[in-house]
Structures are given as structure tokens and as C-alpha cells.
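In C-alpha cells, the next block holds one chain alone, the form predicted alone.
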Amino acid sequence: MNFVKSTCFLLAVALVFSCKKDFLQRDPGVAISQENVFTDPVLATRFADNSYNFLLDDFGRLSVLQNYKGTTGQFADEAVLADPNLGHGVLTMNQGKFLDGNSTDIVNVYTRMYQGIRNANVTLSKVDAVAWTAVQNGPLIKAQELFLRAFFYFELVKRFGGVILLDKPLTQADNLDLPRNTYDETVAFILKDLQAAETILAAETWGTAYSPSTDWDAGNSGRATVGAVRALRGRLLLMDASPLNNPSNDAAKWKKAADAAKVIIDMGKYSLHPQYATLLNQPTSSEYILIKVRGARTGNGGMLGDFIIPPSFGGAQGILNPTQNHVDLYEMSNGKPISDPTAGYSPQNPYANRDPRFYANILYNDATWQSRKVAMGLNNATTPATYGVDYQPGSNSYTRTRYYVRKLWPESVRGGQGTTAILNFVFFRYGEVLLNYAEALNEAQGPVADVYTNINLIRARAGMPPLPTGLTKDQMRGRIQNERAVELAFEEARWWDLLRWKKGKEIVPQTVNAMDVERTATGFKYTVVALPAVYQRVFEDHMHRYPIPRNEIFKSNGILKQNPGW
């Protein structure tokens, strides 16, 4: 993507137009005037492209100390953070301390989104007056800024509900103590921006660089498209129809969400990638609707080497650890939940004959990985007792649950080495669209044929049998929710699903479990155990909405109102 990230000029512009202390204020010290920037179409394009840099565009981003550690799945039942003593924005969330300054998914995201909104608003206020040349395309720049502003507001509304709506950059003369808009007003604002962006993207062409039918050329991959606009709209409307925002269960809202997903399906443009296990590792894929374009990743430091890969495999820390709670969601390969007495599940052979996505997503004891067996068992036959090389109970650099994440660790990447592989952050993919459609349609009409069809497409790609026929609406809802947990595992989806379903109080405080593994003379003994108290979570009903950061409330002179319960 031709975003200008490395020039000194862009850094200066970013510092000028995104505020250092208060993102709703304009820094009075202007090093480069807006007039100078927007009289030059090249500089104006670079300024506009900077808006992309404010998106939340990677898996590990919650650490106070390092920007590649901590996922929202570690707030939920999906995973734990092995080292609870590090300066991450995970432990405070687990403890229910959402207003703590270390809760970065609240404090940092609030600020970052408004910085992005300001960059987009400055561009939108100037874009129509720029003397564009054939080398640029003003309408397409405008469409991208509208889409990005909508995306920034979506990230805010799903966390906080209604927020301050700004459709222009504030000046020093403006009143900065602004009240929050309502939730419905915020949703309407986002939908308006998306419609305006889609209108342009659906009609505009620009040489060989862009057309609505082919999208952007290779040099511009990752920019907003008609499909991306529609995917964001579909995700927004699904959130709007969900119990958190639709307490009366208005079927019309579910129908709107289903219709929004169906529009994407009917485009005939996207399809499921053939192999689930390699979904995130492709340079391009028919399943990708919008991804973050980045270079190949290495196991020598960074997110993989210092967050995913344990020391036993050459990394520094393997501290993104799936829970037993998550592992138990994977069905048997015959399509039956492990709780079904007829499923064939054996607690002493727990990893046999599971959903193929389990093997694509999870590294477990005795699995083969990088040409050797993963070893996490306690051996009581030695004096003193010893542990397998991949589990060291005295070190927080190793798994606490006896599981590592395979999905985010390409097998070719070895810790501490220069080996590399693609690992994409996917904003939107077609598999999610099918799941969104099935969920919304089931809520609007019940388990009609199209619900089965689209869920079964997802299952068939994974190598799973179709869902059993004759499910009730409630039963189908449960199967769809389980399908999302498995299909979208570790893709920054589970936490947000629990919040919009208003199931946080039901699921998050449940005992977080791990697997105890003991080597025996004939194999291994497996015992599900509760994790220590430091890994257990607190969640109350009011936590389904994040609190507005305390500093923003304090400096608003009583104008900005806090969410209930905080």
C-alpha cells in the first residue's frame, strides 16, 4: 500500500494536525499550514493516506510496554495472558478495572480514533477545493476518508455507545466541551458516511488503478472498496440488531442486518479460501474483503517471537495461551459436541477426531510441530519430577494452559531466526459475512434453508459435516454462536460477540480452565484443572459498555456524561 509512513514531512504533518494533548483541540503551534498542504495535490494525498495509520490493524496491540502483545480474546474465554505481571492492558480488564490507565483498549483506542477522525475531517474539509491532477483522484480520496471516518466511529460505538460526533475539524474558536450524541445518532452518522463512500466507489474509475469491478491494482491493495464498505455496514447492523442494542428483539433490525450481508453474497465477488489452515497466510485470496497489507513476519522478536513463540521453540515468550474453555468448543469430527454422550469423546484421548479447525488453531501436548513433538507433560518417574520442554511451571514465558496458538504462528517461522512468513490481519473476510447472514436470518425468520446453507458452507470448507436438520431457532442460535467462536478464533471477534450478545456476565466470569498433563508408562494422563486466581475474570452487566476514559469526563466541565455503572 502506497501509504506514506517514512517521510519526515508526513510525520511533521501528523504532529501538526493530530493533537498531542487533547484530540478535540487544535494545536496552536502550526509548523506547516493546511493551506500549504492542500494547495499541493501530492502533499494532500499523503495527508489523506495518513488516516489509514489510525486503524486498529494487528492482533497484539494492548501492551503498555510493547505494541505487539495482548489481544481482546484474552479478555474473554478464548485465551489468557501467561504473564499477568507485565504492563499489559489485559490484567486490568480481567479484574474489571476498565477505568485503569493500563486498560489500553479503552484509553488508547478512544484517543486514537479521534485522532483518525480529525485527520479524515481535515481532509474532507479541503478535498473538494484541491486542484487535483491526473496523477490523483479527488473523489476516490474523499470516498476513502468517509469510509475511514465511519470505521473509526464504528470502533467507538461498539465500545462506548453514543459518542461525540464531529463532521468537521474543530478550531481554537470552537466550543470544545461537547456532549455525547446518542447511540442511534452515532449509528446513523456511520451509515450516512458509508452510503456516501459507496456511492463514489461504485461509480468512479481511475485509469488502471481503480474500478468498481476490479477494485484497486496491486500497488494500492488494502484501500477501501465497495465490498469493504458493505462489510463494515453489515457488521454495524449486526451489532445494532444484537441484544445489547436491541433489547426488544426487533425483527426488523435483524432483517436489515441479514439484507446487508446478503448484498455482499450476491455480489458474486468473494468466495471461501479452499484451506482454512492457510487462510491468514496468503498474499491474496478470494476470501479477503479488506486486509492490512504488510511484509512477511519474522520469529526474531516482534509479535511472533516475543508474544506467540515460547523459548523452547526459539522465541522469547509464548504468552498467548488458549484456554480449555475454548478448546472444549470444538466439536468431534462427526459434528457432535463433546458434551454429547454419543459423540465418542474420550477425556483421556481428548485431541483425537476433533473438528479440523482445532488442529489448525491450537498447539497441544504431543502434537507434531516443526519436526518434533510438543512436550508439556509432567514426569513423576524422575527425581525430582520434570516437565516437557514446552511447559515450565516456574516461568511465565511458557504456556499456563498447556496450549499455544497455531493459527497465528506459521510453521515455517522459527523463533530467533530470520525465517519469515505472511500473517495477515484481516479486517473483513467472506467467512464472517456468511456467519453474519446466517445469524441475522435465523433471528429474523428462524432456521430456514438459507441459514443451513451458509453455515454448512463454512463447515464444509473446514471438513465438518452439515448441521443436523430440524434444529429450533434457539438451538440454531447456539450452534451459530459456537461456529463463530471456532471459525473466527483469535481473529479479534470473540470478545465483541460476547458483548453484543450481552453474554459477558454469563461466560466471562466462568472458571478459566487449563489442561494438566502427566506422562505415564503408556502415554499421558489428562486432567482439566482451574487456573490460579490471577487468571480468573470479573464481569458485571454494566461492563457490556466501556466507560468513557476518566480524563475525558474530568476535562469536559460536566458536559460529557459517563455510561451507567461507571
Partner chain sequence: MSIDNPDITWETLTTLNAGLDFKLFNQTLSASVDVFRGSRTGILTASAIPGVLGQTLTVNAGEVESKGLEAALQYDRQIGPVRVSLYGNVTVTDDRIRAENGQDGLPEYQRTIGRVVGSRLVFLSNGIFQTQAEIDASPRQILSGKVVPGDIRYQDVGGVNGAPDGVIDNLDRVRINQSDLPKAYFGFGTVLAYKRLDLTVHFQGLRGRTLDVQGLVNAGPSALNDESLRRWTPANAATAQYPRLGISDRANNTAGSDFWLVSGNYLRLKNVELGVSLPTTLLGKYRLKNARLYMGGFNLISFDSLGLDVDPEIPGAGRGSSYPYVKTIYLGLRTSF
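Numbering follows the first chain given and starts at 1. Nothing here was measured: the structure is a model prediction, and the numbers come from that model.
There is another form of this protein, the form predicted together with its partner chain, and it is not shown here; the text below is about that form.
Of the candidate stretches 529-537, 493-501, 60-68, 513-521, only 529-537 has residues with heavy atoms within 4.5 Å of its partner chain in the predicted bound form. Not displayed here, its partner chain is kept clear of T342 by more than 4.5 Å at the level of heavy atoms in the predicted bound form.
Residue contact with its partner chain in the predicted bound form: D328 places no heavy atom within 4.5 Å of it. Proximity of R118 to its partner chain in the predicted bound form: non-hydrogen atoms within 4.5 Å are present. The shortest heavy atom separation between N102 and its partner chain in the predicted bound form is within 4.5 Å. Using a 4.5 Å cut-off to its partner chain in the predicted bound form, each of F54, T171 and R550 places a heavy atom inside that distance. For the candidate set R149, R400, R484, R235, a heavy atom within 4.5 Å of its partner chain in the predicted bound form is found for exactly one residue, namely R400. With the partner removed from view, the residue among F358, F307, Y114, Y364 that has a non-hydrogen atom within 4.5 Å of its partner chain in the predicted bound form turns out to be Y114. Contacts to its partner chain in the predicted bound form (heavy atom within 4.5 Å) from stretch 156-178: I164, L166, L170, T171, Q172, L176, D177.
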